[in-house]
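The same protein chain appears twice below, in two forms, each given on its own as C-alpha cells and labelled structure 1 and structure 2.
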Structure 1
C-alpha cells in the first residue's frame, strides 16, 4: 500500500497524535512496566480488575495517560507510517520486518488468503439465519489444522480429516467394490505427529497456524458478508493489501486508495490491546495446551459480547435511534435517568481519552464529508460525545472508546453493522496469536480460585422425599 497516495489521511493521524501528545504526559505507570518477581502483590477488584496475569513485551496500554504501544512503537506512528501486515509481523516476531521478511510474510498471507474448501463448506450453512460472529467461529473451526501436534484428536484417522477442509483432505467416495456400506477416503498428505515433538516444532506449527488465521479470517469475514445476503464469495486479489482485500471480499468492489488506507488504519488500531477479555479468554484456552484455532475461537466468542467488541455494532444502532443532533440532549437525559450505559463510552483501563478514538473520530468526520447519512450520524456522535464527556469525563473518567467511532467509519464505507465485530476479530487475531505464542514459551495453566460462600453439611435427601 502506498501511503503517498493518501497524504490527507496521514495528516489527520499526525494531527491527532500531536493533540494527544499535548494533552498527555510521557510518564509510564512505574508499577506496570518493570519485570516481575512471582508471587506478585496486587489489589484485585471484581472482574479481576488490577490482577496481573503475566509479563509481556507485546503491548502496553497506559490508561491514565491514554497511550497505546505495540512492541515499543507508539500507535500513532504505526497508523501514520505502517501497514497491518507490518504490524502483525511486529506483534508476532518482536521487530518490524526487513523488506525481505515482509516480502516472505506477504507471500505467506497471499497463499493462506484463499480458502476454497472452507468456503465451500460455509456455503452449505444457513448463514443468513446466523449471527455473523457465530459464522466466523464456525469458519475458524473449519480452518483448523487437525495435525496440530498438541491435539490428541490428530491421531484419529478419517472422521477428523473430514473437518480439516483446507489442509488438502478431499473427501471422495471410493470406487464401488460391492461394499455393504459407503466408504469415504481422505487424501491425506499432511505431516504426521513426529515421535519426538520439540518445543521448536510446536512453535513453528503455532506460527504457521497464526499466519493461516491472520490471513484467512479476513477471507471468512468477506465470505460471511456476502453469503448472508445470498451472494457468492469473492476470490481474494493477490495484488491488494490485506485491508484492500478485506473490503474487496466484503463488498465485491475494489476499494479506493482512501478506503483501503482507512481500513488499514482501523486494522492497525484494533490489532492488540493488553489483557482485554477476548485476549485473556484465548490465552486461558491456550494455557491448557489446546491449539491456536481453539484459542482463537474462544477469543471470538468473548469479543462478541456488547460490553466488548460487540459494542461497535450497538453504537451505530444507538446513533441511528437518536436520529439527529437536536435529539441528543433528551436522549441522554433519559439514558442517565434509566441508568443505561452509553455504548462506545467507558473502559476498564482508559480513564483518559482512548488514543484509538482520537484517530477514528477524525477519519469518520473525513468520510462524512462525502456521505450525507454518515455526516448526520457523525454530528449526532460529536454532540453525544460532548454531553457524555462534560458530565462523566472528569467525574468518572468516561470518554469515547475505540468502538464509538469505528462503526461510523465502516458505515460511511457502506458496510452493514453486523460485520463490524467480525472485522474487529479479523484484526485482533494478530494480538491474540502473538500473546498466545509469547505466553506458551513459559506456560502455566491459568487457574484462579473463587471464594465459596455456599452452604456446608447439608444432609442428602432422596428425590422422593424432597419438598418444594
Structure 2
C-alpha cells in the first residue's frame, strides 16, 4: 500500500497524535511495566479484574493516560506510517520486518487468502439464517479441517501418550502458592505428522497456522458478507493489500486508495488491546495445548457477546434514532433522566480519551465530506460527544471509545452493520495468535480458584421423600 497517495489521511492521524501527546504525560505505570517475580500479590475483583496472569512484550494499554503500544511502538505512529501486514508481523515476531521479510510474509498471506475448499463447504450452510459471528466461527473450524491433519483418523493420539487430566495445575493447589515454573511441563507437545497425510497440511500448532488465520479470516468475512445476501464470494485480488481485499471481497467493488487506507488504519487500531475477554479466552484454550484454530474459535465466541463486541453497531442505531444534531440536547437529557446506556462512551480500561477514537473520529468526518448521510451522522456524533464530555469527561473519566466512531467509518464505506464485529475479529486475530504463540513458550494451564460458599453435610434424601 502506497501511503503517498493518501497524504491527507496521514496528516489527520499526525494531528490526532499531536493533540494526544499534548494532553498526556510520558511516564508509564511503573508497577505494570517491569519483569515479575512469581508469585505476585495483586488486588483481584470479580471476573478476575486486576489479576496478573502473565508477562507480555506484545502490547501495553495505559487507560489513565490513553496510551496504546504495540511492541514498543505508539499506535499513532503505526497508523501514520505502517500497514496492517507490517503490524501483524510485528506482533508475531517482535520487530518490524525488513523489506525482504515483508515480501515473504505478504506472499504467504496472498497464498493463504484463497480458501476454495472452505468456501465450498460454507456455501452449503444457510448463512442468511445465521448471525454473522456464528458463520465466522463455522468458517474458522472449516479452515482448520482443510488446513490441518489433526482431525484425520491417522492423527488420533496413542493412549500410551496420554497425561493425567489437568496435571499442569497441581502446583496451584498446593502450598506455597504455586511454583515459579510449572512442574508438569510438556516440552514435546507438537503432534507428529502421520505418514498417511499429504505435505500441504500442517499440525495447527506452528506459526504457519497464525499466518493462515490472519489471511483467511478476511476471506471468510468477505464471503459471509456476500453469501448472506445471496451472492457468490469474490475471489481475492493479489494486487490489493489485506485491507483492500477485505473491502473488495465484502462489497464486490475495488476500493479507492482512501477507502483502502482508512480500512488499513482501522485494522491496525483493532489488532491488539491487552488482556481483553476474547484474547483471554483464546489464551485459556491454547494453554490446554489445544491448537490455534480452536483457540481463535474461543476468541470469536467471546467477541460475539454483546459486552465485548457489537457496540459500534449499536452506536450507529443510536445516532440514527437521534436523527439530527439539534435533537441531541433533549435526547441526552432524557437518557440521563431515564438512566439509559449511552453507547460508545466509557471503557473498562480507559479513563482518558481512547487513542483509537482520536484517530477514527477525524477519519469519519473526512469520509462524511463526500457522503450526505455519513456527514449528518458525524454531526450528530460530534454534538453528542460535546454534551457527554462536558458533563462526564472530567468528573467521571467518560470519553468516546473506539466503537463510537468505527461504525461511522464502516457505514460511510458501505459496509452493513452486521459485519462490524466479524471485521473486528479479522483484525484482532493478529493479536490473538501473537499472544497465544508468546504464552506457549512458557506455557502453564490457566487454573484460577473459586471460593466455595455452599453448604456441607447435607443428607441424601430418596426421591420419593423429597419435598418441593
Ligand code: ACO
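For the two forms, the rigid core is made up of the largest set of C-alpha atoms that agree within 1.5 Å on superposition. Positions refer to the first chain, counted from 1. All values derive from a computational prediction rather than experimental measurement.
- Between the two chain copies, the one drawn from the form predicted alone is structure 2.
- Residue 231 shows a C-alpha shift below 2 Å between structures 1 and 2 [criterion: core-superposed Cα displacement of 2 Å].
- Put the two forms on the same core and the Cα of residue 326 is off by 2 Å or more between structures 1 and 2.
- The rigid-core alignment places the CA of residue 336 2 Å or more apart between structures 1 and 2.
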